[in-house]
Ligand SMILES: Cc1cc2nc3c(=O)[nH]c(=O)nc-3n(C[C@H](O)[C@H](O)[C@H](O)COP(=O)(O)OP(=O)(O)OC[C@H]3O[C@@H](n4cnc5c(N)ncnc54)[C@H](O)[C@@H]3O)c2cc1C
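The data below hold one chain only, encoded as structure tokens and taken in the form predicted on its own.
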């Protein structure tokens, strides 16, 4: 393989997902030279995440992307509760226009961030991978050869002052640093379906269905497109049969892990997003936490105080991984105690709805939204 001439940059970011692109934009706005590398020739054709919460939107305002995000997304304007086939209850919440959560497929989020990143003069190299032996990176500034996926393309030799790993759960940068990746896997997989509808019939852009088969959320991610995210495939398909479906555009079962990195980096090499923490989709915080990491990391670089980044973000991630694990065991676990708790939860909600409990559930729903807004 041939080498390109050496490329010089202030910041080399591995991973062109929402975390890496957010970090890249923030560093460009500081006047730094930035190169983002991604092993995929194009962005992923499917969306893992679909929720941007209000706190994240407010944090993104200085980056100049919020108007485009809001124009492309659907606001979380409330939720319909469907429990064991009973008449649904509608709860109303904040809208995207007023700063509440926004439903937007990750594919579109990445497109908007990428357009802004390139507009600001950032360099993007797709089809290249970062690959060093485990534990061989000492964290200092230096140079690295980036290997092309297509062997006919040249190797990119990049000299950098900062190296940032925003390359997900299987982070090559974390491996090169030799950092410990602790946690556990969940035995029960999650399930998700994207479907195109003939018409939208919901009263709100989110609906929760709960039955003995499990829990499933319907999320309106485009005017006639929904994401059904469920604790079981059976519940997802049960919900799907109740909708005017034109076509299923994507479906997947996926393994769930709960893991955190013991250390976020060293020297001039640092990690953010899923490279430092992963958990189940319950709560919709994965993308939001990654973007919050990126913004905090960029600010720490500007202030030359990386310790502040770790002190701010690591406790938030550790706490959420613990909470998310407990929620996931309750909502998805196959153990008898999990099943009994889910039955009791459905029973209590049915009692509330039968007794006009919307008045109690409405403020609870608003409070849940507000708590989620402040915990990215």
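Fair warning: this is a prediction, and the values are worked out from it, not measured in the lab. Residue numbers count along the first chain shown, from 1.
The same protein also exists as the form predicted together with this ligand; that form is not shown, yet it is the one meant from here on.
Peer 1: Please tell me which of 129, 303, 196, 182 lies within 4.5 Å of this ligand in the model of the complex, judged by heavy atoms.
Peer 2: Checked against the cut-off, the match is 129.
Peer 1: With this ligand left out of view, choose which of 57, 34, 51, 332 has a non-hydrogen atom within 4.5 angstroms of it in the model of the complex.
Peer 2: Flagged contact: 51.
Peer 1: If we define contact as a non-hydrogen atom of the residue within 4.5 angstroms of the partner, is residue 11 a contact of this ligand in the model of the complex?
Peer 2: Because no heavy atom of residue 11 falls inside 4.5 Å of this ligand in the model of the complex, the answer is no.
Peer 1: Taking heavy atoms only, is residue 265 within 4.5 angstroms of this ligand in the model of the complex?
Peer 2: No.
Peer 1: Residue 101 near this ligand in the model of the complex, any heavy atom under 4.5 Å?
Peer 2: Residue 101: no, not in contact with this ligand in the model of the complex.
Peer 1: Residue-level contact is defined here as any heavy atom of the residue lying within 4.5 Å of this ligand in the model of the complex; does residue 285 satisfy this criterion?
Peer 2: Taking the distances in the model of the complex, the answer for residue 285 is yes, it comes within 4.5 Å of this ligand.
Peer 1: Tell me which stretch of 240-248, 72-80, 273-281, 257-265 has a heavy atom within 4.5 angstroms of this ligand in the model of the complex.
Peer 2: That would be 273-281.
Peer 1: So which bits of 155-174 sit within 4.5 Å of this ligand in the model of the complex, heavy atoms only?
Peer 2: The stretch 155-174, when checked against this ligand in the model of the complex, contributes 166, 167, 168, 172 at the 4.5 Å heavy-atom cut-off.
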